[in-house]
Structure formats: C-alpha cells, structure tokens
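Below, in structure tokens: the form predicted alone, a single chain.
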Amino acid sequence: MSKRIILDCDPGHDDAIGIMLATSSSEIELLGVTTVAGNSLLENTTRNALIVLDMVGRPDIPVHSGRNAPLVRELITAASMHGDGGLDGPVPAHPSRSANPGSALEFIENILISEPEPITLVATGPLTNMADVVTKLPHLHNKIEQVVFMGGAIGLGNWTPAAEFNILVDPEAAAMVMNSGLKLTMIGLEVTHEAWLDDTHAGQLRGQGACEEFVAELLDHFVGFHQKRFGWPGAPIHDAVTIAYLIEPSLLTTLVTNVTVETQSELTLGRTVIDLYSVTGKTANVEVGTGINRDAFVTLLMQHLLTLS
C-alpha cells in the first residue's frame, strides 16, 4: 500500500524537488500540500507549490495556505539562498489556479477526520502549521501515524552557528512539536548535507522532457549558490530526503532519543539539543536521522525525477 501523506512546505528549491518526488512515486499518495511562510513569504511559497504541481500535471492535488508568520517572532526568510520569490530559476510567473479555500489547519483536520486509517504528515519548512495541529487538534492525534520533518541538527547549524533554518524561524513551534507525544522522525543536517546533487545530475536531466528541464534549471541556481557561498561540489536537496525516507526507510540510520529546542538564548536560539549519549535521563521523543546512504539516495531520486515527463 502507498503511504498517504500531507506535505507541509515552503517552496524553496529543495521543497519543489520534494513535491516532484512525492508525485512521481507509486509508494506515496500525496493527499494535499499545505504551505507556510519560511523560505519566502506565504504568498510566494503558496504560488510556488501551485506552479510545481502544474509542472508535474497534478492540478488535482489541493493546496491550502497556512501560517504567514511564526507563532511569536518576526519572520526570517531565506531570500539570499532561494531568491526573493522563493524559487529563483525557471519558474513561470503565474500558476493555473489559486489555492483552495480553507486554511491549512482546516484541510488537515478534514483529512484526519475523513481518512479511515492514520496518515503521515511531512513538514519541510518551519513547524508553525504543525504546532497548530499539536495544540488545536489533540482529539485527532490518533489519526496521525507519524510526523516526518526536515529540520535541526545534531551538531552545527546552517543559518546560525547553532541553528538550522527551519527550526530557527519558529523555535517555539518546534518545541511544541517535540513535546507533542506524536511519533516524530527528524531528518537534520547530518543527513541532508550528504544528500547533494551537482552539475552532473543537472546535465543528466537536461533535455529529457519539460519537467526534467525544469529541475535542471532549479539545480543550476541552487547548485551554483552552494558552490559560490560554501565551496561545495553540489547542493543538498534537504527536503526531498523526507519523501525518499518514506519510500525507502533503509536509506537512513537513526537513533531514538530525547530532543529539545532552545527558545531563549540569543547565542543558541533554535538549536536542537540531541541527547546523543542518553546523559539527561529524559524520555526519548524523536527518532533522529544520523546518516544516509548517499549513493542509494541519489539513485532513487534521479530514477524518479527522470520519469516526471
């Protein structure tokens, strides 16, 4: 049976590729996409999600807008990485449709009520919408099989020395999710920094069809940014790892342990504190990704991307 999921995201180049991977896999049934402010403003992330679904020929998949700002903080965006519109590169100016009526939370609530079996929530942006699920839908938590999210790090961050971007944007929301009692899988930087594509992969996609060309041009921007900014050979496709993990869980090595989120310190705001050696005695609450089989990930991702058209 395919895994039935809702993808909560803030496209974003790697979110876009995550959407494409989900729609190209027979192992995944994408029930809907919800959007959140993060990589860009909510109006941009929503538009980008609609454009990506147009590109892959799936205008039937509903898109619902969620939170336009963190719970209590000013919004930080990643315009320096993804561009002012959130998806610099070959993106058309306008999608073929608008977002569906009703908020992200209302959509998630309706799906949880109507689905006969629990579903998986996948979050690849700040966890603001997921915090709403935690606090406003406690009566439906039994209908959530798990929450798989891209965010955090065991070690250093990528937006501050201590914090990964998604958690930093809304640390209070992340703390609520960690304390929710839901089954959680965290896919952080130790995993996703190994999950990179480079110019060679863009070359393999180029000329294979309209969708593949679209991804190749996304990679041109995203890989180029990481080469110039960090001197890396390629760009980590962070968010697509969540979907790849659901398709093939053996791609990752994981550890079940306690995770807390720093919400006070100016120096370490947004840090995910991972009790790697079980020294705190606190209850384990998150399955944390510790490593990835990069070759297997790249093979899986490229195989699916090359079928998009």
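In case it trips you up, residue 1 is the first one in the sequence shown, and so on. Just so it is clear, the structure is predicted and the values come from calculations on it, not from any experiment.
Quick note: we don't show the form predicted in complex with ligand RIB, though the next part is all about it.
The stretch that touches ligand RIB in the predicted bound form, counting heavy atoms within 4.5 Å, is 234 to 242, out of 69 to 77, 210 to 218, 234 to 242, 197 to 205.
Of the residues V133, L87, V191, M150, just one reaches ligand RIB in the predicted bound form with a heavy atom at 4.5 Å or closer; this is M150. With respect to ligand RIB in the predicted bound form, the three residues D170, T268 and T272 uniformly fall beyond 4.5 angstroms at the level of their nearest heavy atom. Although the partner is absent here, N129 sits far enough away that none of its heavy atoms falls within 4.5 Å of ligand RIB in the predicted bound form. Although the partner is absent from this view, F165 contacts ligand RIB in the predicted bound form, with a non-hydrogen atom inside 4.5 angstroms. When contacts are judged by a 4.5 Å heavy atom cut-off, T120 does not count as touching ligand RIB in the predicted bound form. Although the partner is absent from this view, N158 contacts ligand RIB in the predicted bound form, with a non-hydrogen atom inside 4.5 angstroms. For the partner-free chain shown, just T124 of 104 to 133 comes within 4.5 angstroms of ligand RIB in the predicted bound form, judged by any non-hydrogen atom.
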